[in-house]
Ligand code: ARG
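In the block that follows, a single chain appears as structure tokens, in the form predicted on its own.
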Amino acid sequence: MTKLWGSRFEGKTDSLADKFSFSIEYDYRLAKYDVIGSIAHAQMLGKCKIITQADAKRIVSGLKKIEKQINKGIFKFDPKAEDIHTNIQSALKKLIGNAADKLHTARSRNDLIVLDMKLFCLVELILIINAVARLQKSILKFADKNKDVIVPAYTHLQAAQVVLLAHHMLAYVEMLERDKGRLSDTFDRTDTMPLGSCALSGSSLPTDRNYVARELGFIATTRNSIDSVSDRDFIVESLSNCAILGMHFSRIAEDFIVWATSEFNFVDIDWSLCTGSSIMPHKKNPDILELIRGETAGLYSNLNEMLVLLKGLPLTYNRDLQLDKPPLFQSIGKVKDMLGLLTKLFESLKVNKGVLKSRVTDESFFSVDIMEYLIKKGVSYRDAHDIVGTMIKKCTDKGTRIADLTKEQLKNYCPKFELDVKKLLNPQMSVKIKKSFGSTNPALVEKQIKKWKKLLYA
């Protein structure tokens, strides 16, 4: 059994201990990053004359062959080699012989694994940022297509006021933009090269860590060898980003789960994103959205797992840190799946415009508009609130409509009322009269759509 550390040990490790401690079953995903990092490291060793140029070239040549095998999916991982580093090292030695033994000069698995994880995160963060942008584009296209549709908006899941459907959709675009900002910030903090920190104290050999950083495309080199090998903040941040993304996905999913019910019937979710019932043949269930909502719990638990894992660890490296990978890999994979599914949702979602048109006629939706009508005529906010509240209550109790009140009846509630207040009792007028920046006013929403098109398609 291949190990990189067995020379001091008098006997073999227990087979159950090996099974318990080996990480190759999940860290095989880091193979290409391990090879890329090793190529840059070998080139640096040759450049700095720590090993001969001939040996450096042999190592690089062998690693590039392994890299091709990995990219083609034909590299054979040895389950008896405890981790990805041992797998690559063993495969390299089979290819080039004893020169492979010089590759591990001036580094440790402690700094190598951080390098692999950072390279992995940098790639995945960009992939997720791009996928978020694709989701934003699909939402924006849906909003633009339905920019004249008016929908009820809710507080406490009770009908409150009316807004443009596009305005509601742009709220999703805004929250996703914040997600992209957080992901970008995490990318910037991850973009520092740790290799060469060795086990924890650095090396007495004349290495050039900045050269390795440049070769690998890092913006900077880590400044403290102790922090370099013990830092997992970038993983915590990545998991936090995934958890917040999941929270946003879950809220989006919940909106459409509710909107797709027969009681609401605002939208029709494509059959490809639904399932049926084993007993009720009429059912069309939004299971994919429910699973997105459910999988968010796992994103939260993965973040919590990582925080608990790190909470009591002394500096520097501890074997506990091997367990940072499963929650990260799982969260990254789930988030990418969710992004793809939600993008398909908006690409295929249909709006039941007739239903929505009939749902935005309730005069209660326009209570704030009537209240602000009185405020414009000099009535205080408190008095206007009480007047409109009383008027709506009495109309509701009597089964009458504000639109049917005479001028005299209106003035019984407030002398400031004129018949022109009835112009406010329709959804188109309600959204049109909004003036504040960021409101549901159609002209302002149109500007926002144009702004997002410019930003997302730049």
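None of the values given here were measured: they were computed from a predicted structure. One-based numbering along the sequence shown.
Not on display, but discussed next: the form predicted in complex with ligand ARG.
Taken together, the three residues Q53, R58 and A99 all stay farther than 4.5 Å from ligand ARG in the predicted bound form, as judged by their closest heavy atom.
Here is the short version: of K334, R109, R209, H168, the single residue with a heavy atom within 4.5 Å of ligand ARG in the predicted bound form is R109. The partner is absent here, but in the predicted bound form a heavy atom of R319, alone among R319, R178, H156, H282, sits within 4.5 Å of ligand ARG. Contact with ligand ARG in the predicted bound form, judged as any non-hydrogen atom within 4.5 angstroms, is confined among 282 to 290, 364 to 372, 343 to 351, 322 to 330 to 322 to 330. At least one heavy atom of H85 is located within 4.5 Å of ligand ARG in the predicted bound form. Ligand ARG is not drawn, but in the predicted bound form it has no heavy atom within 4.5 Å of L245. Within this chain, S23 lines the site of ligand ARG in the predicted bound form, having a heavy atom no more than 4.5 Å away. In the predicted bound form, ligand ARG stays beyond 4.5 Å of every heavy atom belonging to L195.
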